[in-house]
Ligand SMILES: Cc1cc2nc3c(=O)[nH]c(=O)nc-3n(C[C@H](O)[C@H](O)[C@H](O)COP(=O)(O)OP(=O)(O)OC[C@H]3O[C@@H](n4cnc5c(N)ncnc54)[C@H](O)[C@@H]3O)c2cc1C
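Shown here is one chain on its own, the form predicted on its own, set out as structure tokens.
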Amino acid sequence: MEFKIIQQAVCCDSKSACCEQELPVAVIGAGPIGLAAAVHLKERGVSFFVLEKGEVSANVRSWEHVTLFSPWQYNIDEAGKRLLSYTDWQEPDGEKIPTGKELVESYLLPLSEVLAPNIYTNHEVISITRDGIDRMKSTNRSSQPFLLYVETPNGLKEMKAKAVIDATGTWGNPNPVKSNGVWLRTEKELASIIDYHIPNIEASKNLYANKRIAVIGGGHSAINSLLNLVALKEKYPNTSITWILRKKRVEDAFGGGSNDELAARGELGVRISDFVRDGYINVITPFLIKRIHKQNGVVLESQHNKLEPFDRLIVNTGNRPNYEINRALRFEREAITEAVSAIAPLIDPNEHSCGSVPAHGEKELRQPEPNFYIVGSKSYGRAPTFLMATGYEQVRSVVAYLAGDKEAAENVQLQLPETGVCHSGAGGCC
């Protein structure tokens, strides 16, 4: 397909006189999936604008020190590659595995530079509704444009759109330390000594060196944090590392090992099992955290046991979607995973790994609110099985439908590496 470079009207705010049929598509979020949606819209000649509450790829930048599991071939959207082929961009080696920083600098930033006229950074969407009607009104609902309320550096702005693609993700909305998933004031008060991401330990070693550190979680994010702590312990031997899990056996957290088709992901499990065996890491499992409080450090309690105080916690227990901006719209989410209802059985982590998730697109992502879509990791809710390649196919299908190409929208295809077990990696996307 020849890539169309088209100058487009970026947006229509509440004071503009543009016709409703000429309204653009609003993409919320300028991460990998939001930018992919923008590229597909541009390629099909559909006007659009992208709203990002911070800077482009802000979430990826927060874990830029982390190496992805998947090589470049799974991290670059084909439409993005076509767009960048018109520039002096050098495509990375498809077999090499990037860090988050390399993903930003070698792909996402060059992509955003081409899309720059249509991207609004520091524009935070606080609510989406239909213009002039609320969630309860049905008459002529689908004929009304979407109205987005956006906080900007210059104050509140209203922006209209004919369709909305929510690609805001789940990063930055972590699950709490308590095993029942409930946030309590006692935990929030300890925020200064708890990390809810994969911290850059080398850059902030004073927070961890020779300290009592507990890592909570059984996925690959937790394993990444543990491996970084082990590297620190080799230089600062008095660093104490405790791994707290809910699993019955620590071996259940080691993953697919040599059976994992993403070698980097399998290697994590092999390495961590060696460090556990050699005593670098103290494992406590199963341990269901019921209470957390401060007493000479952070004290964690289960129903019948209490652990010695820790100086700092790293909580890698996954993320959850935040649907606050969507509440004025009609949308469905599955009761257990909080994923988009129709794809919940396709991505159930009890049944599927990252690599065995079936291809799905516009049809499965369709909401009761016409022309409103939740895509990317947010569409998976709390399920930790999302891969960027999955999100790229989602938005390709959605954009094809919005452009009137129903045949392309229905023709969903996906080739992913198989693995015996899967948990989310950094950002839940790799």
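Since the model is a prediction, treat every value here as computed from it, not as a measurement. Position 1 is the first residue in the sequence shown; the rest follow in order.
Same protein, other form: the form predicted in complex with the ligand, not shown, and the subject of what follows.
Only one of I28, A383, V398, L41 lies close to the ligand in the predicted complex, with a heavy atom inside 4.5 Å, and it is I28. No residue of the trio I165, N326 and S341 has any heavy atom within 4.5 Å of the ligand in the predicted complex. Taking the partner from the other structure, the ligand in the predicted complex has no heavy atom within 4.5 Å of any heavy atom of W72. Within 4.5 Å of some heavy atom of the ligand in the predicted complex lies at least one heavy atom of W63. For I198, a non-hydrogen atom is located within 4.5 Å of the ligand in the predicted complex, even though that partner is not displayed.
In the predicted complex, no heavy atom of F146 sits within 4.5 Å of the ligand.
Considering the ligand in the predicted complex, the lone stretch of 64 to 72, 41 to 49, 359 to 367, 401 to 409 in range is 64 to 72 [heavy atom distance within 4.5 Å].
Of all the residues from 365 to 386, those having a non-hydrogen atom no more than 4.5 Å from the ligand in the predicted complex are G376, S377, F386.
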